[in-house]
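Single chain ahead, by itself, as structure tokens, in the form predicted on its own.
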Amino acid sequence: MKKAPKVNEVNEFLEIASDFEDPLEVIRESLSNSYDANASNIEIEIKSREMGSDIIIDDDGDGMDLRDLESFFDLGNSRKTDSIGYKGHGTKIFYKSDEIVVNTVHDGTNLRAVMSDPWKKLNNRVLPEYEVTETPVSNLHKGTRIRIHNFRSGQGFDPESLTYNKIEHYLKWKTIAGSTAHMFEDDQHEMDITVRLGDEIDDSYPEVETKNRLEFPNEQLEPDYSSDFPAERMCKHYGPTEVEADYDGGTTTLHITGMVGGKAARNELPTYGKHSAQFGVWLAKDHIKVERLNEAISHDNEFLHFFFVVNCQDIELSANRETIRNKSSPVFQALKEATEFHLSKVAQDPWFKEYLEIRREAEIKRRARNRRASLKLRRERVESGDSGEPSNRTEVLLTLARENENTLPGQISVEDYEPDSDVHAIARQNGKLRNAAVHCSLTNHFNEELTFEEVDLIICWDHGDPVVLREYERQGYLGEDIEIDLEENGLLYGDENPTYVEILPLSHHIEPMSPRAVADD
């Protein structure tokens, strides 16, 4: 008996729609669909609503006929074969809403489709339906208008988190607005893109306007020696280059373009998210960046200076276009090897080596400047007599050594020092060896939960917070009673045969130092 596997349609729609949470992904899908429809203008408007956001997408593309409209609402039934939206998954993001209204004009006919409560019905395990009405219109009209009411964002993706600045960078980094196709295709059609936010979201300026192309910062091949960092604005473009990569079973084509540049040049690029995580080598499909392949750069620590886009139409993407899913294929291996070879040529470019050398020399000079500034501050501090509060055990012992002859009652020398031990030092005082704990503050001994049994002396900068010490006296410490006499600088620990520990707070003994002669800076 043969049986065919079944598909739960409602669960599939829920799963696909749930993959998208950020309203910005609505923008990404809309731009791709309008580009596929040969639109030259697209306008997107987002307004915040009590239950989500209202999103209106308006383009002047070719519009949809009845079969196209079915593909718009169907899952995995796209009629596109060589375009961005070939999977037919993207528009299912719109199902996370209370209503979808589509008005589309194609060949003198306006089709109006309305789907009510798609998200509510899917969650009630009901497949939502849509109603289509058909009206003749003038052949002068064309394009598509989509209105999504109360789109449900995921947690942390509410429309109030949007800003024009965020949208502008997102467009250039994650959508067709950041396409590098124009560098390879003379006939790539341009698309004007406008995004408007309701004033309740961002009223800093009226709208964002851009085109579907990414531009690199202008080249600057020579260093600027008038600057402390001569290489900071250096920039060189590489490509566009078309590379054929053979693999077992065929050949794939790579479109590689990129730049190498200093921090100031890279700051002229749009970024989305953590700035340092944006650069390196990006793999792309439809000339839209997907994932990085920074291991393709032999100079592992220098990838931040690279920004390359390697487009390959033979890579396959996950449903939400965030990852590449055919990484184990011969195609991907061929892509990887060809990319590594191409980048190795860039790394061998004499200009790149000179750029690195200029950066290295500037970095050495920067460290020298910082070192001089630090030394000057330290010497001024010494000369003023204010040596500052120690910040670690070693500095406490340096303070002890410096003040031994000046202010301390009796010579104390440190004979042995193990900072990782519970008893940090063996000190000699008046000819006798003493077990010493060393802390910036007496309270640190309690915070580190160190015992007192083997300790004769605590050398510290100061007592710390007396309220904390009084609380230990009230509650006990490690199950035993403790008495702390801050005036006499000693403590008793233990219920029977208590241990006496002397406390030496250095700050109580140190007087301002007399100025000492130091060399001029």
Partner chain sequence: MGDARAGKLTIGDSVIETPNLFPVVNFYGGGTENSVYGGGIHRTVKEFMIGADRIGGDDAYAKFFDAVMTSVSSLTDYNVSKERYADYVYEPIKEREVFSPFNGVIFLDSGGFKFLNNESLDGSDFQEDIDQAKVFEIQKRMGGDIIVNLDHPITPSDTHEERLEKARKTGKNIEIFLDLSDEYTGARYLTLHGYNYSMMDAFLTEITDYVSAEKLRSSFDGIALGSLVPMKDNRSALIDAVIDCHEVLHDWGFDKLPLHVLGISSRAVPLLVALGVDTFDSSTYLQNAINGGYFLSLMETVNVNEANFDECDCPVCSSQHMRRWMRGNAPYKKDMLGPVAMHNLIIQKREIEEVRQRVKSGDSSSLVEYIEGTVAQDKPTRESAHRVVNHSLGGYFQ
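Positions refer to the first chain, counted from 1. Note that this is a predicted model, so its numbers are computed, not measured.
There is also a form predicted in complex with its partner chain; it is not shown, and the following applies to it.
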{"property": "Single option in 341, 247, 184, 417 placed near its partner chain in the predicted bound form, where near means a heavy atom within 4.5 Å", "result": "341"}
{"property": "The single option of 255, 236, 266, 147 touching its partner chain in the predicted bound form, heavy atom within 4.5 Å", "result": "236"}
{"property": "Location of its partner chain contact in the predicted bound form, chosen stretch of 200-208, 347-355, 102-110, 428-436 [non-hydrogen atom, 4.5 Å]", "result": "347-355"}
{"property": "Residue 298 within 4.5 Å of its partner chain in the predicted bound form, heavy atoms", "result": "yes"}
{"property": "Members of 241-264 lying within 4.5 angstroms of its partner chain, judged by heavy atom, in the predicted bound form", "result": "none"}
